[in-house]
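We give C-alpha coordinates for two forms of one protein chain below, kept apart as structure 1 and structure 2.
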Structure 1
Amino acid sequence: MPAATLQAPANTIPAMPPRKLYGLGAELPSAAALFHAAESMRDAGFKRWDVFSPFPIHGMDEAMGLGKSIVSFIVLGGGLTGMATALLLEIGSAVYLYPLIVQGKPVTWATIPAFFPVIFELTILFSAFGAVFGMLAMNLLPRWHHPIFNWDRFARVTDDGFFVVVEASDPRFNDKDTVAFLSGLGATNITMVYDD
(Lines of atoms letter the chains of each structure in order from A and count residues from 1; the text may use other names and numbers.)
(Lines give C-alpha, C1' and ligand atoms only; values in the text may rest on other atoms or scores of the structure.)
Protein backbone atom coordinates (compact mmCIF):
# COMPACT_ATOMS: atom_id res chain seq x y z
CA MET A 1 0.00 0.00 0.00
CA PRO A 2 1.55 3.39 -0.99
CA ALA A 3 2.31 5.86 1.74
CA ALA A 4 -0.20 8.67 2.04
CA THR A 5 1.05 12.12 1.15
CA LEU A 6 -0.10 15.16 3.07
CA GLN A 7 -1.19 18.14 1.04
CA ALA A 8 -1.92 21.58 2.40
CA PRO A 9 -5.42 22.84 1.75
CA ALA A 10 -5.65 25.36 -1.07
CA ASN A 11 -6.77 28.23 1.18
CA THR A 12 -3.91 28.16 3.72
CA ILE A 13 -1.74 31.24 4.23
CA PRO A 14 2.02 30.64 4.18
CA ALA A 15 3.81 31.28 7.46
CA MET A 16 5.54 34.64 7.77
CA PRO A 17 9.28 34.51 8.36
CA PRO A 18 10.30 35.59 11.86
CA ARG A 19 11.00 39.29 12.19
CA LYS A 20 14.51 40.35 13.15
CA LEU A 21 14.54 42.55 16.24
CA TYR A 22 16.71 45.67 15.84
CA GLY A 23 16.22 47.06 19.33
CA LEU A 24 14.02 48.80 21.82
CA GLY A 25 12.99 52.43 21.40
CA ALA A 26 11.63 54.72 24.09
CA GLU A 27 10.42 58.31 24.15
CA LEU A 28 11.38 60.78 26.86
CA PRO A 29 9.48 63.97 27.74
CA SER A 30 12.29 66.54 27.55
CA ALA A 31 15.93 67.21 26.74
CA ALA A 32 16.82 67.14 30.44
CA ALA A 33 15.14 63.74 30.84
CA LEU A 34 17.05 62.47 27.81
CA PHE A 35 20.31 63.77 29.25
CA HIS A 36 19.72 62.01 32.59
CA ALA A 37 18.60 58.85 30.80
CA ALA A 38 21.87 58.87 28.85
CA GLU A 39 23.85 59.14 32.09
CA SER A 40 21.87 56.25 33.58
CA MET A 41 22.34 54.11 30.46
CA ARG A 42 26.09 54.79 30.56
CA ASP A 43 26.30 53.97 34.28
CA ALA A 44 24.27 50.77 33.80
CA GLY A 45 26.86 49.49 31.32
CA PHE A 46 24.93 49.57 28.05
CA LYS A 47 27.27 49.66 25.05
CA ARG A 48 25.15 49.70 21.86
CA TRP A 49 22.59 52.46 22.21
CA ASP A 50 21.99 55.99 20.98
CA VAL A 51 19.95 59.09 21.73
CA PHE A 52 18.01 61.21 19.24
CA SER A 53 16.95 64.80 19.69
CA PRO A 54 15.64 67.59 17.42
CA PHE A 55 18.60 69.76 18.48
CA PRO A 56 22.09 69.26 19.92
CA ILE A 57 22.21 68.88 23.70
CA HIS A 58 25.29 70.37 25.36
CA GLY A 59 27.32 67.75 27.23
CA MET A 60 25.55 64.74 25.68
CA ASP A 61 28.85 63.20 24.53
CA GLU A 62 30.09 63.07 28.12
CA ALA A 63 26.69 61.88 29.38
CA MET A 64 26.82 58.99 26.90
CA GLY A 65 30.42 58.20 27.79
CA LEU A 66 31.67 58.69 24.23
CA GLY A 67 35.41 58.89 23.84
CA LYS A 68 37.46 60.74 21.30
CA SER A 69 36.52 59.93 17.72
CA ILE A 70 39.14 58.16 15.62
CA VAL A 71 38.23 60.35 12.64
CA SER A 72 40.93 62.80 13.77
CA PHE A 73 43.55 60.05 13.35
CA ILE A 74 42.19 59.30 9.87
CA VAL A 75 42.49 63.01 9.02
CA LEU A 76 46.07 63.03 10.33
CA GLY A 77 46.87 59.97 8.21
CA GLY A 78 45.34 61.65 5.17
CA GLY A 79 47.37 64.81 5.77
CA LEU A 80 50.63 62.91 6.15
CA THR A 81 49.84 60.91 3.00
CA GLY A 82 49.17 64.13 1.07
CA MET A 83 52.41 65.67 2.30
CA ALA A 84 54.41 62.55 1.42
CA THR A 85 52.76 62.40 -2.02
CA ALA A 86 53.64 66.02 -2.74
CA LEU A 87 57.24 65.57 -1.58
CA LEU A 88 57.63 62.41 -3.63
CA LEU A 89 56.19 63.95 -6.78
CA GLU A 90 58.06 67.24 -6.53
CA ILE A 91 61.42 66.20 -5.16
CA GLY A 92 61.41 62.98 -7.15
CA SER A 93 60.81 64.74 -10.42
CA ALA A 94 62.68 68.04 -9.91
CA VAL A 95 65.73 66.66 -8.08
CA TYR A 96 66.19 63.12 -9.38
CA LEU A 97 64.28 62.39 -12.59
CA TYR A 98 64.45 65.73 -14.41
CA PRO A 99 66.97 68.04 -12.70
CA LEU A 100 66.70 71.41 -14.37
CA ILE A 101 68.96 74.24 -13.30
CA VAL A 102 67.11 77.54 -13.54
CA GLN A 103 69.07 80.77 -12.95
CA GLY A 104 71.74 78.93 -11.01
CA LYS A 105 69.35 77.61 -8.31
CA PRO A 106 70.40 74.34 -6.62
CA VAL A 107 68.83 71.03 -7.59
CA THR A 108 68.99 69.48 -4.09
CA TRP A 109 66.80 69.25 -1.04
CA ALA A 110 67.45 72.99 -0.60
CA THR A 111 64.77 73.67 -3.24
CA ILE A 112 62.01 72.49 -0.87
CA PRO A 113 60.79 76.06 -0.08
CA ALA A 114 59.67 76.35 -3.70
CA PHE A 115 57.53 73.25 -3.19
CA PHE A 116 55.63 74.50 -0.11
CA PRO A 117 52.45 75.62 -1.93
CA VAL A 118 51.89 72.19 -3.49
CA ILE A 119 52.83 70.39 -0.26
CA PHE A 120 50.34 72.55 1.65
CA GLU A 121 47.55 72.04 -0.91
CA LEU A 122 47.92 68.25 -1.09
CA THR A 123 48.11 68.01 2.70
CA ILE A 124 44.80 69.90 2.99
CA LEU A 125 43.19 67.96 0.12
CA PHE A 126 44.07 64.52 1.50
CA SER A 127 43.05 65.62 5.02
CA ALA A 128 39.64 66.67 3.69
CA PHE A 129 39.25 63.34 1.91
CA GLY A 130 40.17 61.56 5.15
CA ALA A 131 37.61 63.59 7.11
CA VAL A 132 34.76 62.98 4.68
CA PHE A 133 35.38 59.31 3.95
CA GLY A 134 36.38 58.55 7.56
CA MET A 135 33.13 60.09 8.82
CA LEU A 136 31.11 58.12 6.25
CA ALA A 137 32.84 54.88 7.23
CA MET A 138 32.44 55.48 10.98
CA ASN A 139 28.71 56.22 10.53
CA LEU A 140 28.23 53.17 8.28
CA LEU A 141 27.04 55.42 5.44
CA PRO A 142 25.65 55.42 2.86
CA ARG A 143 22.74 53.43 4.20
CA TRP A 144 19.47 53.55 2.29
CA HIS A 145 17.21 52.75 5.22
CA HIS A 146 17.72 52.54 8.97
CA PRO A 147 15.52 50.18 11.02
CA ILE A 148 14.59 52.98 13.43
CA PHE A 149 12.53 54.56 10.62
CA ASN A 150 10.12 51.60 10.91
CA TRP A 151 8.91 53.10 14.21
CA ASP A 152 6.08 55.55 13.53
CA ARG A 153 6.67 57.75 16.59
CA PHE A 154 10.27 58.35 15.55
CA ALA A 155 9.05 60.88 12.95
CA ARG A 156 8.67 63.34 15.86
CA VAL A 157 12.45 63.46 16.35
CA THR A 158 12.72 66.33 13.88
CA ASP A 159 10.09 68.35 15.72
CA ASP A 160 9.69 67.79 19.46
CA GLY A 161 10.54 64.16 20.26
CA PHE A 162 13.40 62.88 22.44
CA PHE A 163 14.27 59.22 21.98
CA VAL A 164 16.68 56.60 23.23
CA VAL A 165 17.19 53.34 21.33
CA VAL A 166 18.94 50.27 22.72
CA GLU A 167 20.09 47.80 20.10
CA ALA A 168 19.27 44.11 20.51
CA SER A 169 22.96 43.35 19.95
CA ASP A 170 23.86 45.09 23.22
CA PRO A 171 25.34 42.57 25.71
CA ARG A 172 23.02 43.84 28.47
CA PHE A 173 19.88 43.75 26.30
CA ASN A 174 17.00 41.70 27.67
CA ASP A 175 13.40 42.30 26.61
CA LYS A 176 11.83 42.51 30.05
CA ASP A 177 14.76 43.95 32.00
CA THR A 178 15.45 46.68 29.45
CA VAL A 179 11.78 47.67 29.31
CA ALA A 180 11.71 47.90 33.11
CA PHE A 181 14.95 49.91 33.13
CA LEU A 182 13.64 52.40 30.56
CA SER A 183 10.32 52.69 32.39
CA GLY A 184 12.22 53.54 35.55
CA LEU A 185 13.87 56.42 33.68
CA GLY A 186 10.46 57.92 32.90
CA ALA A 187 10.35 56.72 29.29
CA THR A 188 7.03 56.29 27.52
CA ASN A 189 5.97 54.59 24.28
CA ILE A 190 8.54 51.82 24.74
CA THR A 191 8.43 49.88 21.50
CA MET A 192 10.19 46.91 19.94
CA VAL A 193 11.75 48.08 16.67
CA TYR A 194 12.16 45.45 13.97
CA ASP A 195 14.62 45.39 11.09
CA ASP A 196 12.35 44.67 8.13
Structure 2
Amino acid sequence: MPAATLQAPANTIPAMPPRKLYGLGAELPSAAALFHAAESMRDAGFKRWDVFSPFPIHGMDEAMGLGKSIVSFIVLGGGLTGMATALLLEIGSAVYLYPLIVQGKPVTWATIPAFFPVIFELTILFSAFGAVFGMLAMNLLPRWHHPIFNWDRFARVTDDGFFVVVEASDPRFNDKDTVAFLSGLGATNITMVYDD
Protein backbone atom coordinates (compact mmCIF):
# COMPACT_ATOMS: atom_id res chain seq x y z
CA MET A 1 0.00 0.00 0.00
CA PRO A 2 2.71 2.59 0.76
CA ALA A 3 4.25 1.79 -2.61
CA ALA A 4 1.05 2.63 -4.39
CA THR A 5 0.91 5.93 -2.57
CA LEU A 6 4.44 6.81 -3.61
CA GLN A 7 3.75 6.10 -7.23
CA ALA A 8 0.78 8.42 -7.37
CA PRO A 9 1.41 11.50 -9.51
CA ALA A 10 2.20 14.54 -7.41
CA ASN A 11 -0.66 16.62 -8.77
CA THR A 12 -3.41 14.20 -7.73
CA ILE A 13 -5.03 13.97 -4.32
CA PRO A 14 -3.01 11.66 -2.09
CA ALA A 15 -4.71 8.31 -1.78
CA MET A 16 -6.90 7.98 1.30
CA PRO A 17 -5.92 5.30 3.78
CA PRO A 18 -8.09 2.27 3.11
CA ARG A 19 -11.45 2.53 4.81
CA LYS A 20 -12.38 -0.34 7.00
CA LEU A 21 -15.59 -1.97 5.85
CA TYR A 22 -18.12 -2.47 8.65
CA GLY A 23 -20.68 -4.32 6.59
CA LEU A 24 -23.37 -4.22 3.99
CA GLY A 25 -26.65 -2.49 4.62
CA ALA A 26 -29.83 -3.01 2.68
CA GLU A 27 -33.31 -1.62 2.93
CA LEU A 28 -36.55 -3.56 2.79
CA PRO A 29 -39.97 -2.14 2.08
CA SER A 30 -41.99 -3.44 5.00
CA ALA A 31 -42.07 -5.36 8.24
CA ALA A 32 -43.35 -8.42 6.41
CA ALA A 33 -40.55 -8.22 3.84
CA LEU A 34 -38.02 -7.82 6.62
CA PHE A 35 -39.44 -10.83 8.38
CA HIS A 36 -39.09 -13.01 5.28
CA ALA A 37 -35.62 -11.62 4.59
CA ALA A 38 -34.63 -12.60 8.14
CA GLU A 39 -35.86 -16.13 7.58
CA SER A 40 -33.79 -16.38 4.39
CA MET A 41 -30.71 -14.93 6.09
CA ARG A 42 -31.07 -17.40 8.92
CA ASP A 43 -31.46 -20.31 6.50
CA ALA A 44 -28.47 -19.14 4.47
CA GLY A 45 -26.36 -19.48 7.62
CA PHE A 46 -25.26 -15.90 8.29
CA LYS A 47 -23.95 -15.32 11.79
CA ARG A 48 -23.09 -11.64 12.32
CA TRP A 49 -26.08 -9.78 11.03
CA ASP A 50 -29.14 -8.01 12.31
CA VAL A 51 -32.43 -6.61 11.15
CA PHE A 52 -33.42 -3.10 12.14
CA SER A 53 -36.93 -1.76 12.48
CA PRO A 54 -38.76 1.16 14.12
CA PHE A 55 -40.61 -1.22 16.44
CA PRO A 56 -40.13 -4.80 17.60
CA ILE A 57 -41.60 -7.24 15.09
CA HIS A 58 -43.61 -10.12 16.45
CA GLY A 59 -41.91 -13.48 15.85
CA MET A 60 -38.69 -11.95 14.60
CA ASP A 61 -36.54 -13.77 17.16
CA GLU A 62 -37.63 -17.06 15.69
CA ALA A 63 -37.25 -15.78 12.14
CA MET A 64 -33.67 -14.83 12.97
CA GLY A 65 -33.01 -18.07 14.82
CA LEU A 66 -32.41 -16.36 18.15
CA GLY A 67 -33.28 -17.95 21.46
CA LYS A 68 -34.94 -16.43 24.49
CA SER A 69 -33.33 -13.35 25.97
CA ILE A 70 -31.37 -14.04 29.15
CA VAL A 71 -32.49 -10.76 30.72
CA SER A 72 -35.04 -12.79 32.66
CA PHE A 73 -32.24 -14.57 34.53
CA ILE A 74 -30.61 -11.26 35.38
CA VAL A 75 -33.95 -10.13 36.78
CA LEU A 76 -34.20 -13.29 38.86
CA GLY A 77 -30.72 -12.61 40.20
CA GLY A 78 -31.71 -9.03 40.98
CA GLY A 79 -34.83 -10.17 42.77
CA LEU A 80 -32.98 -12.69 44.92
CA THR A 81 -30.37 -10.06 45.78
CA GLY A 82 -33.11 -7.65 46.80
CA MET A 83 -34.82 -10.23 48.95
CA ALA A 84 -31.56 -11.19 50.67
CA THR A 85 -30.70 -7.52 51.22
CA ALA A 86 -34.04 -6.81 52.87
CA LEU A 87 -33.88 -9.90 55.07
CA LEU A 88 -30.40 -9.05 56.19
CA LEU A 89 -31.24 -5.39 56.75
CA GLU A 90 -34.37 -6.06 58.76
CA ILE A 91 -33.48 -9.15 60.74
CA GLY A 92 -29.91 -8.00 61.23
CA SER A 93 -30.92 -4.64 62.66
CA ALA A 94 -34.32 -5.23 64.25
CA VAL A 95 -33.62 -8.66 65.76
CA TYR A 96 -29.89 -8.61 66.47
CA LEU A 97 -28.20 -5.20 66.30
CA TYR A 98 -30.78 -3.02 67.97
CA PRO A 99 -34.02 -4.75 68.90
CA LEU A 100 -36.38 -1.84 69.44
CA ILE A 101 -39.18 -2.65 71.85
CA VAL A 102 -42.23 -0.66 70.80
CA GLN A 103 -45.45 -0.92 72.82
CA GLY A 104 -44.11 -4.04 74.51
CA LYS A 105 -44.28 -6.05 71.34
CA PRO A 106 -41.87 -8.92 70.67
CA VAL A 107 -38.62 -8.42 68.80
CA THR A 108 -37.80 -12.00 67.88
CA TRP A 109 -37.79 -13.89 64.61
CA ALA A 110 -41.49 -14.45 65.15
CA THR A 111 -42.11 -10.91 64.01
CA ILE A 112 -41.05 -11.77 60.47
CA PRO A 113 -44.48 -11.03 58.93
CA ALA A 114 -43.86 -7.38 59.76
CA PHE A 115 -40.79 -7.55 57.55
CA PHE A 116 -42.60 -8.78 54.45
CA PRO A 117 -43.56 -5.40 52.98
CA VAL A 118 -39.97 -4.20 52.87
CA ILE A 119 -38.77 -7.58 51.58
CA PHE A 120 -41.35 -7.32 48.82
CA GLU A 121 -40.44 -3.77 47.89
CA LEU A 122 -36.70 -4.40 47.75
CA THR A 123 -37.24 -7.57 45.70
CA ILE A 124 -39.16 -5.53 43.15
CA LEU A 125 -36.66 -2.68 43.24
CA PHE A 126 -33.61 -4.84 42.62
CA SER A 127 -35.44 -6.89 39.98
CA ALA A 128 -36.26 -3.68 38.14
CA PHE A 129 -32.62 -2.64 38.33
CA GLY A 130 -31.77 -6.05 36.93
CA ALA A 131 -34.25 -5.63 34.08
CA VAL A 132 -33.10 -2.19 32.98
CA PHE A 133 -29.37 -2.45 33.59
CA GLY A 134 -29.35 -6.06 32.44
CA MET A 135 -31.04 -5.05 29.20
CA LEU A 136 -28.54 -2.25 28.67
CA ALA A 137 -25.63 -4.56 29.40
CA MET A 138 -26.86 -7.26 27.03
CA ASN A 139 -27.34 -4.62 24.33
CA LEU A 140 -23.91 -3.10 25.03
CA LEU A 141 -25.53 0.25 25.66
CA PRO A 142 -24.89 3.07 26.14
CA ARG A 143 -22.76 3.23 23.03
CA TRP A 144 -23.18 6.63 21.46
CA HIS A 145 -21.12 5.98 18.40
CA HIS A 146 -21.56 3.06 16.06
CA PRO A 147 -20.39 2.53 12.45
CA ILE A 148 -23.95 1.99 11.31
CA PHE A 149 -24.72 5.65 12.06
CA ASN A 150 -22.38 6.57 9.19
CA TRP A 151 -25.03 5.40 6.78
CA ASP A 152 -27.29 8.40 6.18
CA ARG A 153 -30.26 6.38 5.07
CA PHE A 154 -30.17 4.41 8.28
CA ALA A 155 -31.60 7.38 10.20
CA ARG A 156 -34.99 6.26 8.92
CA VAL A 157 -34.81 3.18 11.13
CA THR A 158 -36.38 5.21 13.92
CA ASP A 159 -39.07 6.46 11.56
CA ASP A 160 -40.32 4.01 8.93
CA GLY A 161 -37.24 2.23 7.56
CA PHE A 162 -36.59 -1.49 7.65
CA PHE A 163 -32.97 -2.57 7.22
CA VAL A 164 -30.78 -5.63 7.13
CA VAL A 165 -27.10 -5.25 7.96
CA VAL A 166 -24.54 -8.01 7.43
CA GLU A 167 -21.23 -7.36 9.11
CA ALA A 168 -18.03 -7.81 7.14
CA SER A 169 -16.78 -10.04 9.92
CA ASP A 170 -19.43 -12.62 9.15
CA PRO A 171 -17.75 -15.84 8.00
CA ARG A 172 -20.09 -16.04 5.03
CA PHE A 173 -19.54 -12.41 4.04
CA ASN A 174 -18.28 -11.72 0.57
CA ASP A 175 -18.97 -8.39 -1.13
CA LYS A 176 -20.38 -9.60 -4.40
CA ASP A 177 -22.26 -12.69 -3.26
CA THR A 178 -23.78 -10.93 -0.30
CA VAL A 179 -24.96 -8.06 -2.48
CA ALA A 180 -26.53 -10.55 -4.87
CA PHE A 181 -28.11 -12.41 -1.97
CA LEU A 182 -29.57 -9.24 -0.48
CA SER A 183 -30.96 -8.01 -3.77
CA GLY A 184 -32.44 -11.46 -4.26
CA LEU A 185 -34.41 -10.84 -1.05
CA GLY A 186 -35.96 -7.78 -2.60
CA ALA A 187 -33.72 -5.34 -0.76
CA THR A 188 -32.97 -1.92 -2.19
CA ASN A 189 -30.34 0.75 -1.47
CA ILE A 190 -27.68 -1.86 -0.80
CA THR A 191 -24.82 0.14 0.68
CA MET A 192 -21.31 -0.43 1.93
CA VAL A 193 -21.09 0.89 5.48
CA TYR A 194 -17.63 1.89 6.68
CA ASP A 195 -16.20 2.05 10.17
CA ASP A 196 -15.23 5.72 9.95
Partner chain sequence: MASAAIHPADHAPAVPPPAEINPEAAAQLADLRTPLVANDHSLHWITENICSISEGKTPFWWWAAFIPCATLAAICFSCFGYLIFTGVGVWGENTPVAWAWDITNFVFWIGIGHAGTLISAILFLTRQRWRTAVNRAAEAMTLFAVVCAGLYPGLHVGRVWMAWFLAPVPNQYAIWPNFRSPLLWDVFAVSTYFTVSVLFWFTGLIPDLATLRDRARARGQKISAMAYGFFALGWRGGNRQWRHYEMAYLLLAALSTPLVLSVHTIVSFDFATSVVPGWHTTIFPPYFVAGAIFGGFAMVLTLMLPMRLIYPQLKDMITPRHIDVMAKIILMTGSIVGYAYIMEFFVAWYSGNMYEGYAFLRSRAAGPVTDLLHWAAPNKFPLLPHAPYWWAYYAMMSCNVITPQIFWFRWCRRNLIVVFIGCMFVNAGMWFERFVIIVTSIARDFLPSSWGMFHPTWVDIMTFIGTFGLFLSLFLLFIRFLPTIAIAEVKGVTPMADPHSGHGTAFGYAAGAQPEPTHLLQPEEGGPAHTANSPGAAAAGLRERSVTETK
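Between two forms, the rigid core is the largest collection of C-alphas that superpose within 1.5 Å. Just so we're clear, the structure is a prediction, and the values are computed from it rather than from any experiment. Counting starts at 1 and follows the sequence of structure 1.
Q: Given structures 1 and 2, which represents the form predicted alone?
A: Answer 1, the form predicted alone.
Q: With a threshold of 2 Å on the C-alpha, tell me if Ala31 counts as moved between structure 1 and structure 2 once the core is superposed.
A: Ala31 C-alpha, core-superposed: shift of 2 Å or more.
Q: Does superposing the core leave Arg156 with a CA shift of 2 Å or more between structure 1 and structure 2?
A: Passes the 2 Å threshold, so yes.
Q: Superposing on the rigid core, do we see a C-alpha displacement of 2 Å or more at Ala63 between structure 1 and structure 2?
A: After core superposition, the displacement of the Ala63 C-alpha between structure 1 and structure 2 stays below 2 Å, so no.
Q: Taking the rigid core as fixed, quantify in angstrom how much the C-alpha of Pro54 shifts between structure 1 and structure 2.
A: Comparing the two forms, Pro54 shifts 3.1 Å at C-alpha.
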